[in-house]
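In structure tokens, the next block holds one chain alone, the form predicted on its own.
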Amino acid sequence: MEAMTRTEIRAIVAQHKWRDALFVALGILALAIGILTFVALFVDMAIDGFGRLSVDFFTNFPSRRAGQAGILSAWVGSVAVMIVTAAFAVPMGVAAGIYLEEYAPKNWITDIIEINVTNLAGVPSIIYGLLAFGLFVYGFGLGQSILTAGLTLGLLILPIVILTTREAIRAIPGMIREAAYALGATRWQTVQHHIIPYSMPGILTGIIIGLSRAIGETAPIITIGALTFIAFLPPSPVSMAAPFLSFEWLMSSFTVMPIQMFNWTSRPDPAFQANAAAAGLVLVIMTLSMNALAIVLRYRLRKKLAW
């Protein structure tokens, strides 16, 4: 009986090991398919568009002649929109995450807010575009401007920032809060000097990942009426007269990188297809750079906290 029991145990362990190995193999296969697909598309795009990358491509405006067309207005518009997006979504998202995790009472109202925030993180981006079209363009009269685009994308990534902030705060051990309270620290002092510094690597990672998603969004930008062809830049944010800052650029018309790519891919001329591939290559590099920045910041902050 004892021998049979051992045999059965060994058979069960072997069966579970076989299932684990099968799961690992399927996971590696799925990962390989995703990576190979991305690499194939990226290499194909790089082959088509690498020849168009030059200084003129970054400093020229779009043109009806493919050889003279550039992405100046597109990348400047993308940077301007991202500045507004970050200025709106980051402070509000981090503050909301801190409040929900550290200050909000645990009741049914908080539960409803948490459920809605979680659901909003999965809402299709076109819904945010329709909301912004009715609210910002017509409701607030902001028009089809950089400010409208930045607020729209800010709403898009706001749930992501809130959720990542809360998850980063939850990862902080409770003993840190207890130690701070034991030494007489107030709740805000505990949050300011302990919770936020220790959770900052995770918060920054979520912020940059959210901005990486926003920079490639097309549907909400098209919905609010971004221009597909623009041959001028927004007004400069710096002026020669006091107070030396100008906010006229916020109300300027704009275009962004995905819109410019959409415009070029809709044309039958193969030269414009090469331009679109080059713009896509630049956009992918910008997105990968932002994600790499998130990894570097997270590593350095964790290393600093370890000391």
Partner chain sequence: MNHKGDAMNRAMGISSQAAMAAVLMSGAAMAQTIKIDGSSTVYPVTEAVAEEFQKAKKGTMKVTVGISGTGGGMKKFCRGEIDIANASRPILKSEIADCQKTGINYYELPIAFDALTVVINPKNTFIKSLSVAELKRMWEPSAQGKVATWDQVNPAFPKQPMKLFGAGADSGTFDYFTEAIVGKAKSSRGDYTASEDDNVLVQGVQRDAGAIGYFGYAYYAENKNKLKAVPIVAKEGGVGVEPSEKSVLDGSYQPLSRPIFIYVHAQGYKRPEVREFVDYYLKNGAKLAKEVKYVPLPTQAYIVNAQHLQKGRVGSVFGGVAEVGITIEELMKREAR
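Positions refer to the first chain, counted from 1. These numbers come from a predicted model, not from an experiment.
FYI, the form predicted together with the partner chain isn't displayed, but the following is about it.
The partner chain is not shown here, and in the predicted bound form it never comes within 4.5 Å of any heavy atom of Asn119. The closest heavy atom approach of Pro270 to the partner chain in the predicted bound form falls within 4.5 Å. The partner chain is not shown here, and in the predicted bound form it never comes within 4.5 Å of any heavy atom of Ile113. Put simply, Pro197 is close to the partner chain in the predicted bound form: some heavy atom of it is within 4.5 Å. Only one of 121-129, 73-81, 143-151, 213-221 places residue heavy atoms within 4.5 angstroms of the partner chain in the predicted bound form, namely 143-151. Residue-level contacts in the predicted bound form: of Ala46, Leu250, Val282, Ala274, one residue has a heavy atom within 4.5 Å of the partner chain, and it is Leu250. Of the listed positions (Leu163, Ile230, Ile169, Leu100), a single one reaches within 4.5 angstroms of the partner chain by any non-hydrogen atom in the predicted bound form, namely Ile230. For the three residues Val55, Pro159 and Thr287, a heavy atom within 4.5 Å of the partner chain turns up in the predicted bound form in no case. Heavy atoms closer than or equal to 4.5 Å to the partner chain in the predicted bound form belong, across 172-199, to the residues Gln192, His193, Pro197, ordered by sequence position.
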